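Next comes just one chain, in structure tokens: the form predicted on its own.
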């Protein structure tokens, strides 16, 4: 039996299949390193690596420092992002440009410049010494490096979220007598929470995986990225892979959960 098919359907179908195939190929290429890592490392290798004396110490260092870095970002980065998004002052654009520059700077360069800004022989380094802190090869230095690498991702993401708030709703709250502080905590923050969590999750991944600035100012104590690096140099690529997989297992669930929550909240 002969079917009647409109001539325009065939090219469109081929175009659709080509688009689907291209999408799958590009997706496989982009996530190829992750798939390779999962296929390359056996569970026994992970167990063997993590049973080595002191093997879990980098995990504790990375999780602890990243959590503190995230707390700092929430307390200091959220007001900054809100100011960047809502302030009409022209000078605020210079602050925004500064955050963009920090986002674009290579982390290795950030680490080098932090040495000249917070090193023990600098004025700020001297002030830190008065409170028994040092921004060189300490847990505090690791937190500093992670904050600098992760802050632009959180601040600019949170700024974008605050820009998208319903101005009419905020104006109505003002007419009802809410102060700016009340508007922030009663309207802006609750409405922005899913997207803020997404930005924070990205910052978490950047903080716990920070390496460029860390290798300059916080070589010790070892976090997971430094453990991967030193294991790679000392005993080879295959022995470093379990630590790389552990780093991904720790860093990725939060961003993935935040992503799905944010998508669900937008529906």
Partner chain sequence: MKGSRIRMVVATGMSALVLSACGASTGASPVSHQTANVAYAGSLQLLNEGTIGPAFAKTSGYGYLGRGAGSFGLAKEIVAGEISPNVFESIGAAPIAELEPSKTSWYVSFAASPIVVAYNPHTSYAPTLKKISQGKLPISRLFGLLDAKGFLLGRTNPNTDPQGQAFYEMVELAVRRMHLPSSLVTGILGALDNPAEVFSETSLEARLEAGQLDAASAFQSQAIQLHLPYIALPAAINFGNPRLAKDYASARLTLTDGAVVHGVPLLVDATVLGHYDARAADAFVRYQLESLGRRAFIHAGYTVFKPIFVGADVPRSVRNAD
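Please read these numbers as outputs of a predicted model, since none were measured by experiment. Positions refer to the first chain, counted from 1. Here, rigid core means the biggest group of C-alpha atoms that superpose within 1.5 Å across both forms.
Only in words, not in the display: the form predicted together with its partner chain, which the text now covers.
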{"query": "Segment assignment from 198-206, 64-72, 42-50, 22-30: heavy atom within 4.5 Å of its partner chain in the predicted complex", "finding": "22-30"}
{"query": "Of 167, 174, 137, 87, the one that lies within 4.5 Å of its partner chain in the predicted complex (heavy atoms)", "finding": "137"}
{"query": "Contact of residue 60 with its partner chain in the predicted complex (heavy atom, 4.5 Å)", "finding": "no"}
{"query": "Contact of residue 224 with its partner chain in the predicted complex (heavy atom, 4.5 Å)", "finding": "no"}
{"query": "Its partner chain contact in the predicted complex: residue 38, any heavy atom under 4.5 Å", "finding": "no"}
{"query": "Residue 121: touches its partner chain in the predicted complex, heavy atom cutoff 4.5 angstroms", "finding": "yes"}
{"query": "Every residue of 80, 156 and 178 near its partner chain in the predicted complex, heavy atom within 4.5 Å", "finding": "no"}
{"query": "Contacts with its partner chain in the predicted complex - residues in 232-246 whose heavy atoms fall within 4.5 Å", "finding": "232, 233, 234, 235, 236, 237"}
{"query": "Residue 19 C-alpha moves between this form and the one not shown by 2 Å or more, core aligned", "finding": "yes"}
